[in-house]
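First comes one chain, alone, set out as structure tokens in the form predicted on its own.
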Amino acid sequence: MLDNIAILTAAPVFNVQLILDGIFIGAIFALAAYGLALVWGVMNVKNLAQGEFVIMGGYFAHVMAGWGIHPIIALIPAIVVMFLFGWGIYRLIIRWIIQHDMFTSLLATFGMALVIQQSLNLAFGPEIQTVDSGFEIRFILDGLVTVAEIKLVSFLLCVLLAGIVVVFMKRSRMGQAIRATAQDPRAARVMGIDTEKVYAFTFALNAAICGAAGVLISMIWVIQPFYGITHSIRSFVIVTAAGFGNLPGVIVSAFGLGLAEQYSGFVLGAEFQQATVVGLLVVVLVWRQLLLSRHRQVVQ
């Protein structure tokens, strides 16, 4: 570990590589986390199947690639299919647990995550899969830093998709209905908003966002039926640290998590990269609990 830290100190160019990778990857983390923030903030449902939705998007790109369709072109049909899938899951499962306590939503979505994992395992097998984007790798700074073109393209697509979602939430009637329902569902119903439709659309939108993130992840990393849990934990870390309805906070937290993973993987070794995510989740939960305790003391 000390040797790796010494390398970063002696050769600052390695920091450039880690920072670029952290930013590129953090953009995809932010995309998936924003979908979780929507569901959590509007419906008060803690979706433990968030990562499985991401992996489903990755396998959709894998299937489309097998049909000779470029994964980026598959982005739009993946969004549509995952939107319909999310709407169906809401009607089948989520609508029955919205009015129940937190543990009910956790158990229901955890069970849903297990079903999705096993279904993907039966359909595609447990082997690790990857999707070839066909893009090249560029070298900068005299060849000391590599920039994969697909990472840059994915970053730009994340920015585009996030911009579309933000404009939709601010300008469209459904976006305004979603924000009104998140603030006060009872008042929204009194004003004539169909909150049941809003909940269904919100959950479906989250699934579509996760599908898009999964397509991008399949071209940068690898996918496997049981890798969803890591993406779920990442989303929970980001949303818990940023707070609900705080898009700038989600972006900053996602970039911070991306950088933390890259540096921990370099300094501690790749085997500790995922452990860093879990460790950060524990730290964020303890930090949030301390803030709540101070707030209670002030109120008393």
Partner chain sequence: MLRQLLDCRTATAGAVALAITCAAPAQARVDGDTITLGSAISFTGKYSTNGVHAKNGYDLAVKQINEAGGVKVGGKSYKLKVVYYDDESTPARTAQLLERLINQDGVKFVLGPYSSATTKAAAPVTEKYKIPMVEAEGASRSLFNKGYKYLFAVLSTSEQYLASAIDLAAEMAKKNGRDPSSVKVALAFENDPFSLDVRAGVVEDMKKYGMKIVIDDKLPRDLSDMSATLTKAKALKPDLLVVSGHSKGAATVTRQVNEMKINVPMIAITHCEAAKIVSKFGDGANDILCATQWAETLTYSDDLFGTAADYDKLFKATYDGYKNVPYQSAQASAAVMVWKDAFERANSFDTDKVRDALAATDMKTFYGNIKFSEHGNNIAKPMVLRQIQKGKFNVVAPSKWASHEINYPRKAN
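Since the model is a prediction, treat every value here as computed from it, not as a measurement. Numbering follows the first chain given and starts at 1.
If you look for the form predicted together with the partner chain, you will not find it shown, but the lines that follow are about it.
Remark: of stretches 129 to 137, 199 to 207, 107 to 115, 174 to 182, the one touching the partner chain in the predicted complex is 129 to 137 (heavy atom within 4.5 Å). Proximity to the partner chain in the predicted complex, defined as a heavy atom within 4.5 Å, singles out one entry of 81, 220, 188, 72, which is 220. The listed set 102, 166, 160, 144 contains one residue whose heavy atoms approach the partner chain in the predicted complex to within 4.5 Å, identified as 144. Contact between residue 98 and the partner chain in the predicted complex is not found at the 4.5 Å heavy atom cutoff. For the chain shown alone, residue 253 is not a contact residue for the partner chain in the predicted complex, no non-hydrogen atom being within 4.5 angstroms. In the predicted complex, residue 280 stays away from the partner chain, with no heavy atom inside 4.5 Å. Remark: residue 195 does not count among the residues lining the partner chain in the predicted complex, judged by a heavy atom distance of 4.5 Å or less. When contacts are defined as a non-hydrogen atom within 4.5 Å, none of 24, 44 and 240 contacts the partner chain in the predicted complex.
In sequence order, 222, 227, 229, 230 are the residues of 222 to 241 having a heavy atom within 4.5 Å of the partner chain in the predicted complex; the partner itself is omitted from this view.
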